[in-house]
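To begin, one chain is listed below as structure tokens, in the form predicted on its own.
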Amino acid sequence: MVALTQDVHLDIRGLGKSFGATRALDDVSVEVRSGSVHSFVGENGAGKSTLGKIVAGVFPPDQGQLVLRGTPVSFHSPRAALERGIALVAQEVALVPQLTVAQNVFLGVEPQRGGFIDRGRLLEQTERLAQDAGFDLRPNALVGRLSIAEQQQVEILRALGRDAELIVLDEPSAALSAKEVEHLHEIVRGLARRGHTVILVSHFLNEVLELADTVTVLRDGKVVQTNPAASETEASLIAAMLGRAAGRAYPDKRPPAPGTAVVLSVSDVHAPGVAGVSLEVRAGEIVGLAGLVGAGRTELARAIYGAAPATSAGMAAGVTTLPGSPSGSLRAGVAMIPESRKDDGLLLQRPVRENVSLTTLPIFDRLGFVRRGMEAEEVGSALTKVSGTPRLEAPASALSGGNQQKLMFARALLAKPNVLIADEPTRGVDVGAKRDLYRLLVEIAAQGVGVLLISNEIEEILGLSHRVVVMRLGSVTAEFEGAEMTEENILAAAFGTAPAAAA
């Protein structure tokens, strides 16, 4: 742990920031000490990412001051912050996929010889940086062919190549597998050991407690507390974030009645990444689909929904054969919440109203025109069911991650489905929003909807599911129910280290 006598690397004094009528930060003051890992935590919309981006020059503050090693500074761009030794590694990497690792690392500051880029020195410097950081990256590898974890490493190398002393990591593990997260943690510890200061913005509290020396909790744009991480627990951080005790993480399960009708049945599905999968989901049942990253879960979900080409011995929702398209699936009573709300789900610059009604516009059609009054009424009703009350004409981009995810649930409910496929429905949302989404999933199932739930969090699968199906290498390897639903059994099946149960 960092010693309290260390120098203050960055003194944040009275920062304020508004986006329109939304007050994102209100008189925020924090000291970040040199060579430490300092974490900002809070619910979505609490201001933690905004604070990190102000430090890195993405946003200018409306008021207040940053003092860097005793000198007041003002950044109007990330480049200006980088020139003073501060770099941002964002959740969504900003690299040029067509360029190599070396070209991305030194983009704009390439070593020169005679007015031309010295490619030998470029590769040599990148190789040296990667070795010093402990990264297994080939300088000539195309960035577009790397995994998200490897692309994050390229971002970190780019920061180190520009002599960054303070690195802001904004939700770095949100899209990583368990093994990649473990490697990321080693990287963060290594950065601190070598004297770099790290600001970690994360909604994974176990990650925060494992890595951070100091934790600052924000709520509604204000600092609630700053304490040594060693004095905190997940429960104490949640209480500070919410302003109350968290209560139960998962609502009580409501098992479907015996003999309940099957609402989704797929047999011998073949698709890219899927090799002959069969499964059933009954009305009112939540079936968890578990497995390692790359096991084929998302590919199966997309194949069932018609978003990817597939062949099957039989695909049915109730008695209706599923057509091979999302629109046909919606007509058949199958709705889907995709893995990435930003890439596949929302039109972020369009209003909330349009995002919720996007897949059900035909029900509002009259002579080729949308009946706006009916649309607004139905959208408002769907939003009320998911406990979301944003302004209908506000852009989706203005909402927090948790409220954006609730738009996806409202859209699904508007379709009145018999089957809901939920692929990573709580990814990138805070602990409070997770509890809201857990409640929604249980309530949706209690209304007779069959739910196919995909999650990388085994605890989430166990906390919500009535039955768990495990995939490995594109196939179903095991199925667990009742007392057999344990973390050990699921992991063993996912890694292929246990005999398959009856599937």
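Keep in mind it's a predicted model, so treat the numbers as computed, not measured. The first residue of the sequence shown is number 1, and the count goes up from there. Rigid core: the largest C-alpha set superposing within 1.5 Å between the two forms.
The form predicted together with a small molecule is left out here; the points below concern that form.
Trainee: What is the one choice in Ala398, Leu99, Leu176, Ala271 with a heavy atom within 4.5 Å of the small molecule in the predicted complex?
Mentor: None of the other options qualify; the answer is Ala398.
Trainee: Which residue, Asn403, Thr360, Gln153, Thr298, is the contact with the small molecule in the predicted complex, using a 4.5 Å heavy atom cutoff?
Mentor: Of Asn403, Thr360, Gln153, Thr298, the residue with a heavy atom within 4.5 Å of the small molecule in the predicted complex is Asn403.
Trainee: Is Ser147 a contact residue for the small molecule in the predicted complex, using a 4.5 Å heavy atom cut-off?
Mentor: Close contact is absent here: in the predicted complex, Ser147 is far from the small molecule, nothing within 4.5 Å, heavy atoms only.
Trainee: Looking in the predicted complex, any heavy atom of Asp423 within 4.5 Å of the small molecule?
Mentor: Result no; Asp423 lies far from the small molecule in the predicted complex.
Trainee: Look up in the predicted complex whether Glu171 has a non-hydrogen atom within 4.5 angstroms of the small molecule, and give yes or no.
Mentor: The answer is yes: Glu171 has a heavy atom within 4.5 Å of the small molecule.
Trainee: I'd like to know if Phe495 sits close to the small molecule in the predicted complex, meaning any non-hydrogen atom pair within 4.5 angstroms.
Mentor: Phe495 lies outside the contact set for the small molecule.
Trainee: If contact means a heavy atom within 4.5 Å, which one of 49-57, 449-457, 66-74, 26-34 is the stretch that engages the small molecule in the predicted complex?
Mentor: Going through the listed ranges, the match is 49-57.
Trainee: Using a rigid core alignment, state whether the CA of Gln91 is displaced by 2 Å or more between the shown form and the other one.
Mentor: The answer is yes; the displacement is at least 2 Å.
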